[in-house]
Each structure stands twice: as structure tokens, then as C-alpha cells.
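Next up is one chain by itself, shown in C-alpha cells, the form predicted alone.
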């Protein structure tokens, strides 16, 4: 290990252990060169590395300071036992009661599941839709039925090549958003009463889909810094007749955690050993803050067992409801299920999106979108440090637009949700992300909207609610 790396590791350990609290000014470069007997370039490189890790932040003409969230422990909430028995799910009434508030335009949307539509090139997208509609072949109403519009699927296949995946066009099936893709995958490999492995905490729509199909769920813990617990998953596969897994490997909702490449490869190998299919929800994969997109688990699949699902709802066109699945060995079954359920995804929408992906500058838009989300993450972290109690814990995500906050142990997230809503603020309480309504002192907040005085005021109000005696 080089000297600057060793120095960075030493300081990172101090920060993560809480011995250097958030906001602490770090020693000057001159002080560290004397203390450790190293050159100035070594100290600077160590500080640059700590910045890259998200642990410190430079302030102009002031020095380096411990960044918000850097020294806090990863949120744990109230996770399930290491391996719970499979159980039916009953979450829909709770989820619907919480999500109704998202529709109110007068509410600060910290609980929203979407980034701001102001971040999307909707005018340019409309031009592509208008052009494609004018050029639409009348026979496309038949030709573009499942698996879907061929020019669109070719454009999607090119994006897989960009991830290092040679994706056959014939295995791509266009759907009404990623949610339909995910549900069709679940239908293709399970029957009512089967056991499905899901994350905990978990995207609430996955819980609803499992509930709707009459399946039983076994919860696999997700650590907000390390991701899915593969040891618990291995135990579940040995103990229960798991028919499928539904996991989010990049920027998981709600924690924001991304599995490392080694863990993704190990996950795929573990499931291949048991011949268990993986339904991979990767709707946030394009919203990475690092230079390169993290590969999905699909990149390590050699048996066609991974069904990779994605959409444009979080990156380009939330109202267009266009998603897809790279279905592997299950392509024929999913194509038939698509025909049996919704027949086809909107033909003009498919043609319009194909035109945009080819001519509209999608990658340029994505770079701008990622930059905006990264800036908004910084604004949210600053507001948390300024307004919320110091004992709140969260892990910084490397993409997406969610923060998963562990609140002080006495706080009831459902009560906070109701109190905040009464003041015009929506946050998403932790219990809707669990089959057993766990994570009672956790909330998910959205930083996907341009920062405003209204948002700043909302964070101040949340701090006042959290400090109130009740």
C-alpha cells in the first residue's frame, strides 16, 4: 500500500468510528506533513482520496471538513431476524394510505418515488414522438406487438453492448414500464403459494406484486453500505424451496446501496448453483455519479437465469410507461404472458422512444441529469447536517436519488409521516418497505428535485418535529 493510501485509510477509520464528527475541520497539510513525516503531495493525495470516498469536503480558503453522513454508522432500523420463515404479505392498504399523499401538488415531495419532471427533455422527446407518429406504418399495430418495436429493441441492445453485455434482440421484450416487466417475470417462474426471496428493506411495489400473486416471501437483509447478505440468502436457498429472487443490485430502493462487482458475480453463481432465477430490478442503473455505469448482475449470467428489468421512467419519460426485460431463457414465456395480459405497449410510444434514443442525445441528457442529482444530493446532506438531529444516520449513495435515514430509536416513522404531512411535507416511512412492517424508525427521502427555499424550509420543519417532546 502506498503512503498516501495508508494515511487515507487511517483517517477514514477515525471518521467512520465517529472520532472525527461531521463538520470537524481536518488538520492542515503542514501539520500532517510534520506529524507523519511525509511530503505535502502525499497529504494532498490522501485528502483527494478521502474526498473521492465521500468522507470529507473541501471549503474554499478554509480547508477540509468531515462531510455530512461520513462518520455515522450505517442505518440498521429494525431488520428481520437473520432468516425468517416464508410468509404471506399484506402491505397494500398501508402502502396506498401513504402514497395517496404523493399526488398532492401542494406537498413538498420528499416522499416521491420520481425525480422532478423538470429535469427531463420533454420538449425534445415530444418532437421524436410527433415525428415517429407521422411516419408510423399502419401495419405496426400488428408488427410491433410483443416482443415489441424492433428499432426500439435494437437501440436497447446497443445500450447493453455499452455495459459489456451481448444482448440478443430477440430476448428483449417491451413492457408498460418496469413494473409490468418485473411482474411478468414473477408470473413466468412462480405459482400461487411459491416462495420468493426479496430484500429487506424492499421496494414496496415488489411486496405488492408478491401479495397480488399469492406468493410467500422470505426476507433477505440488506445492509445500507454492503448490500444484500449473501450468507443469509445461501441459508434460505438451502432451507426453503425458493422459486425466484427479486433483487435490486444498483442503487437499491430505499437504501441506495450498490452491490460490488464481486458480490454480483457471487450472487449469480450462487443462484446458478441452485437453478433459481433472478429478477433484477435495475431502473436506477443509469443514474450513477461515478464515471462508469455499474454493471448489472446480468453481466455475469451465463445460463440465462437473470431477467434484467429496466425502464425510462426514472431517466427520461416517467409518464410514457415504457420498460423492458432482457429475459434470457424465459423470453418466450414472458412474451406470451405479455400478450395474455396487456397485449401490447403503446405503438406510438415505442416508435417515439426509438427515434429519441437514435437521434435525441440521450447520453448527453443523462450526463446533465446525473450532475443535477449529484448537486442535489450535496444540498440535501448539507440540510440534514444543518437542521436534523446529529444522531440521525445514513449512508451516502453513489447514484439514484434516495437517502435512507435511521432516526433516533424513539421516533415512530409513521407518526412522523402524518405530522409532516399535516405541515405540507411528505416523507416515506420505513414500514412500507418491509413485509412485516419493520424499520419503524426509518424514512426514505427524495433528493431528486431541484433545491428550493421550500425544500430547505421543509427540512427545517422536519428537524423541529424530530426534536419535539412528543
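The model shown is predicted, which means the values in this text are computed figures rather than measured ones. Positions refer to the first chain, counted from 1.
The discussion below concerns the form predicted together with a further copy of the same chain, not included here.
> If you check in the model of the complex, do 158, 290 and 375 all have a non-hydrogen atom within 4.5 Å of a further copy of the same chain?
Answer is no for this spot.
> Would you check, heavy atoms only and a 4.5 Å threshold, whether residue 267 touches a further copy of the same chain in the model of the complex?
The answer is no: residue 267 has no heavy atom within 4.5 Å of a further copy of the same chain.
> Just to confirm, residue 302 within 4.5 Å of a further copy of the same chain in the model of the complex by heavy atoms?
Judged by the heavy-atom cut-off of 4.5 Å, residue 302 is well away from a further copy of the same chain in the model of the complex.
> At 4.5 Å between heavy atoms, is residue 365 in contact with a further copy of the same chain in the model of the complex?
No - in the model of the complex, heavy atoms of residue 365 and a further copy of the same chain never come within 4.5 Å of each other.
> Classify residue 143 as contacting or not contacting a further copy of the same chain in the model of the complex by the rule of any non-hydrogen atom within 4.5 angstroms, answering yes or no.
Contact check for residue 143: yes, within 4.5 Å of a further copy of the same chain in the model of the complex.
> Can you pick the stretch from 217-225, 274-282, 344-352, 251-259 whose heavy atoms fall within 4.5 Å of a further copy of the same chain in the model of the complex?
Contact criterion met by 344-352 only.
> Between the options 129, 369, 393, 380, which residue brings a heavy atom to within 4.5 Å of a further copy of the same chain in the model of the complex?
Residue within 4.5 Å of the partner: 129.
> With a further copy of the same chain left out of view, which of 239, 386, 212, 359 would have a heavy atom within 4.5 Å of it in the model of the complex?
By the 4.5 Å criterion, the partner-contacting residue is 212.
> Across 320-344, which residues bring a heavy atom to within 4.5 Å of a further copy of the same chain in the model of the complex?
Read in sequence order, the residues that approach a further copy of the same chain (within 4.5 Å, in the model of the complex) are 320, 321, 332, 335, 336, 337, 339, 340, 341, 342, 343, 344.
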